[in-house]
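We begin with a single chain expressed as structure tokens, specifically the form predicted on its own.
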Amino acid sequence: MKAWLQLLGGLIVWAVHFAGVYLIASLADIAPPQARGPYGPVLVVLTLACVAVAVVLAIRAWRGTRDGEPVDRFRARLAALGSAVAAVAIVWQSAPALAGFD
């Protein structure tokens, strides 16, 4: 189970961020225009927190590539790659939402 969490950790963070962005965008869509102020900063905080978690997971996984069996090193490299891709995807998916807020 630990191996699966290591491999999918960054992608899980990406999925949580996606659900959060969708929730924030949905709430901002139904809110009156004068009440849309806090949604932008909440999205920024969510994005920064998720990117930070994905980067930490990538760094922790990359540190595991130095020693151990070849299978463990491969797993660590794959986990680091998945977490790094997740960090880029989190920034990429929140860019349109951040540009849409006034």
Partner chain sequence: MSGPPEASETGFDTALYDRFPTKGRRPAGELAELERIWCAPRRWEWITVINNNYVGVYYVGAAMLFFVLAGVLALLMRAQLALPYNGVLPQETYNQVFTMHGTVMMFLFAVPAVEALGVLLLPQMLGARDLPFPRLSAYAFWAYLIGGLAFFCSLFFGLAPNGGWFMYPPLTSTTYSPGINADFWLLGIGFIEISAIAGAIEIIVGVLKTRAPGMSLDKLPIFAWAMLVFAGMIIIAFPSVILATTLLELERALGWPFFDAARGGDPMLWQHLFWFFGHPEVYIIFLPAAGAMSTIVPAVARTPLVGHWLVVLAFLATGFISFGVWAHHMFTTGMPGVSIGLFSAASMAVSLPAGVQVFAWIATVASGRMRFNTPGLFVLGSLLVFVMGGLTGVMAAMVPFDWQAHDTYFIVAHLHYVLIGGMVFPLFAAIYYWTPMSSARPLSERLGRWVFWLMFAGMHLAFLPMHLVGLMGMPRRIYTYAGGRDWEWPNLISTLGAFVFAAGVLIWIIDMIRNFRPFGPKDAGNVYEGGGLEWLPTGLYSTRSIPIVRSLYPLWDQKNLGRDVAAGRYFLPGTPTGGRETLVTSPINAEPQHLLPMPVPSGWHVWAAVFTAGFFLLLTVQAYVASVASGMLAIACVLRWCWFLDHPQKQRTVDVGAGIELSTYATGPSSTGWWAMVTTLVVGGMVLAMSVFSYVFLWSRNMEAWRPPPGTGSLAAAGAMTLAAGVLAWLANHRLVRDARHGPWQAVAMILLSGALLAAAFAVDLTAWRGGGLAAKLSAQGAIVYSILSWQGFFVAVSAIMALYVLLRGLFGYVAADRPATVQLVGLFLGYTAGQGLVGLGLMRLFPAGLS
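Numbering follows the first chain given and starts at 1. Bear in mind that the values here come from a model prediction, so they are computed numbers and not experimental data.
The form predicted in complex with its partner chain exists for this protein as well; it is not shown, and the discussion that follows is about that form.
- Not one of Ala35, Leu48 and Asp67 places a heavy atom within 4.5 Å of its partner chain in the predicted bound form.
- In the predicted bound form, its partner chain lies within 4.5 Å of some heavy atom of Val71.
- Though the partner is left out of this view, Val21 does reach within 4.5 Å of its partner chain in the predicted bound form, counting heavy atoms only.
- Contact between Arg75 and its partner chain in the predicted bound form is found at the 4.5 Å heavy atom cutoff.
- Contacts with its partner chain in the predicted bound form, taken as any heavy atom within 4.5 Å, map within 2 to 24 to Ala3, Trp4, Leu7, Leu8, Leu11, Ile12, Trp14, Ala15, Phe18, Val21, Tyr22.
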